[in-house]
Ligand code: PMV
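A lone chain, given as C-alpha cells: the form predicted alone.
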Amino acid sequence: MKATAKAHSNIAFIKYWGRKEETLRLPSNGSISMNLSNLFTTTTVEFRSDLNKDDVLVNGEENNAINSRISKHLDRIRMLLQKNIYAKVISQNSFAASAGLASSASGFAALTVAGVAAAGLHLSEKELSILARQGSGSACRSIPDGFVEWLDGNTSEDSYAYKLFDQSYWDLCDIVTVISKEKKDVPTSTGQQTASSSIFFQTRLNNIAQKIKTCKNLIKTKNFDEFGKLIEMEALELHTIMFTSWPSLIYLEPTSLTVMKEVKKLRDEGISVYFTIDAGPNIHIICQAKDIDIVQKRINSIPEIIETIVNQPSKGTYLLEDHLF
C-alpha cells in the first residue's frame, strides 16, 4: 500500500531545549508552538516485498545520515506492524533542510503519518504524536492542528502534543527571514545534549512551567504585545543557554543581529512586531496580519537577506491523494 502525507514545520514560542532521556527524546521541558503554512514536507511511503533494504530519497538526494534516521523510524513502524518489510520513501521539502527551520519536525511528522497509513495501521493523533517524537522531538508538535502544546512527561506515553487552538483562532503572521540556507555546523540533536552544561539551565527549568502557563493565557486572550514580549525574551534566553553551554553553540550570524535590531526599530516607530529564533541563524518575525506588508518591506530592504517567507497558522499533518511516485 502507498500513502502520502503533508506536514508543516512549526515555530516554538516556548522552546524545547535539552532532553531528560535520549532514546525516546523526552524533553527537559514542555513547549508551545504554531504550525507554519508555507514551510512543509511532502512524503510518500510504500512498503514493498521486492525490496531488500529501504529505498530513500530526500529532496532528490541520497544522504546516508538522513537515510539512516529514516530507516530507524521505519523500524518503529515495522515493529508495530510486526512484519519485516522494507519501504520506498520519497520526501520533498518546500524549504532548506538542516538550516534551523525545523525541517526535521515536518519531515518526521510526514514520514510518521504516511508510514503508518502505508502500513495499514490505525493510530490516534496522540499515538501518532508519540511515534513522531521518537524520530525528531519537535515533530510531535507538527501532528496536531494550529497552536500546540507538547507535554514533557516522564514516560513515552505521557510526552505528546495536542491542539490548544485551531489554525483559525488568531491571525498571527510569522515572517521567516532567511539569512542562510547552509547546513548547520552542529545539528540540533547534538546541541540538545549540551544544554545542561549551562549554568543557567536549571534556572530556566525552575521557571518554565509558569512561562508556559502565561503563554497559553496570552494566546487565549490574544494579548499580542505581552505575548510578543514573552516570546522574544524566551528566544534570547534560549540562545543564552546555547552561548553558555560547553562547547558553546553560536548559531547566530551578523545578519541575524541586524534583523533583530530592525525589529526593535520598527517597534520604536509604533509597529507591534517581535522576533523569535530557533536553533539556527534565521529569524522568525511575529506580527499581526494587518502589519505584514510594512514589516516584510522593511526586512526585505536589508541587502543580506536571501528571502522572506510569510506564514499563517496552519493545520497539522494530513494525508494526500496525490503521490510523489
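Position 1 is the first residue in the sequence shown; the rest follow in order. Values in this document were obtained by computation on a predicted structure and should not be read as measured data.
Form predicted in complex with the named molecule: not shown, discussed below.
None of the heavy atoms of residue 235 is located within 4.5 Å of the named molecule in the predicted bound form. With a 4.5 Å cutoff on heavy atoms, residue 279 counts as touching the named molecule in the predicted bound form.
In the predicted bound form, the named molecule sits beyond 4.5 Å of every heavy atom of residue 146. Although the partner is absent here, residue 134 is not a contact residue: none of its heavy atoms lies within 4.5 angstroms of the named molecule in the predicted bound form. The listed set 104, 245, 93, 159 contains one residue whose heavy atoms approach the named molecule in the predicted bound form to within 4.5 Å, identified as 104.
Per the 4.5 Å heavy atom criterion, the named molecule in the predicted bound form is contacted by stretch 184-192, the sole one of 82-90, 220-228, 184-192, 118-126. Residues of 138-175 lying near the named molecule in the predicted bound form, listed in sequence order, are 138, 141, the criterion being any heavy atom within 4.5 Å.
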